[in-house]
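Starting off, we have a lone chain in the form predicted on its own, written out as structure tokens.
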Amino acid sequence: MKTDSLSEILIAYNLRAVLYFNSIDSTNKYARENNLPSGSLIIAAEQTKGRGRFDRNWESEKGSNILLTIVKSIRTENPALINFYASYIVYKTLTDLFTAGDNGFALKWPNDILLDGRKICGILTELKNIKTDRKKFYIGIGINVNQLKFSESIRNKSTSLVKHFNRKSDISDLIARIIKNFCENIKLAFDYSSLTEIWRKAAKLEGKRVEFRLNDTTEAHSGVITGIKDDGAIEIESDTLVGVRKKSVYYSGEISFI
């Protein structure tokens, strides 16, 4: 069943500024540099300098995928949980629409969504006014929708809705559903314990063996995920050089499954 059209959704939830670009360097960058107000939405058919975490390039075929930024001012003491909220909203939107079986959609700490173990969505959340109670978030969302071919460097790690389900999707309809879910469920962003509990169930990370690194320049070490804290931190139990098990808590970084 189709949801309301994108234009109807934008009117219903009173988005203050909606900008569409046929091509742009980065939707997040544009929103930040132009200080767009809370309630703004930027959509692009193409990003020439799209970024993921650690300033990695975000590859996307023009006109085939979702590339957008939501600007939202939120009063919060824990910015990391807004990233959790955004990833859960996209996860909910996709799982409401597609039945993918046991190896279907899964949340990956801290900001990705996987499909059959491959990356289908990445979220880059940036913010202003980090030292104030009310912060302005720039929530960048990239979803592989109708792209069939990926470069050699990521083709074994990435997938798309069309590759997995063998049918094209209406990009405008998907965006409308994401915005509707984002606006209708916003109270969840302030209910930390409920949000992290829902997120844990969707991620199913506990007990999985991973390699963890803080960023691209640090050495990776292996361990077992023992939990996701209510503040969004990940707890990993790893081996030390003397064979002693050690639990560490991290608020940022990257995991890869072993």
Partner chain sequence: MKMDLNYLKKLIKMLDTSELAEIEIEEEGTKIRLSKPRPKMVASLPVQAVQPAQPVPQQVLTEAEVSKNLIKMQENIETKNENISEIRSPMVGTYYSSPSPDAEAYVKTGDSIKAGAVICIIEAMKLMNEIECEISGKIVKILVENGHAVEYDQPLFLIEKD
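Numbering follows the first chain given and starts at 1. The shown structure was predicted, so the numbers you read here are calculated from the model rather than taken from an experiment.
Although it is not shown, the form predicted in complex with the partner chain is what the next lines describe.
- Contact check for residue 151: no non-hydrogen atom falls within 4.5 Å of the partner chain in the predicted complex.
- The closest heavy atom approach of residue 5 to the partner chain in the predicted complex falls outside 4.5 Å.
- Contact between residue 83 and the partner chain in the predicted complex is found at the 4.5 Å heavy atom cutoff.
- Looking at residue 250, you'd find a heavy atom of it within 4.5 angstroms of the partner chain in the predicted complex.
- Residue 124 is the only one of 124, 188, 115, 74 with a heavy atom lying within 4.5 Å of the partner chain in the predicted complex.
- Note on contacts: among 105, 88, 182, 109, the single residue with a heavy atom within 4.5 Å of the partner chain in the predicted complex is 109.
- The candidate stretches are 91-99, 75-83, 156-164, 174-182, and the one lying within 4.5 Å of the partner chain in the predicted complex by heavy atoms is 75-83.
- The candidate site formed by 34, 57 and 143 is entirely out of contact with the partner chain in the predicted complex, as no residue has a non-hydrogen atom within 4.5 angstroms of it.
- Along 179-209, no residue reaches a heavy atom to within 4.5 Å of the partner chain in the predicted complex.
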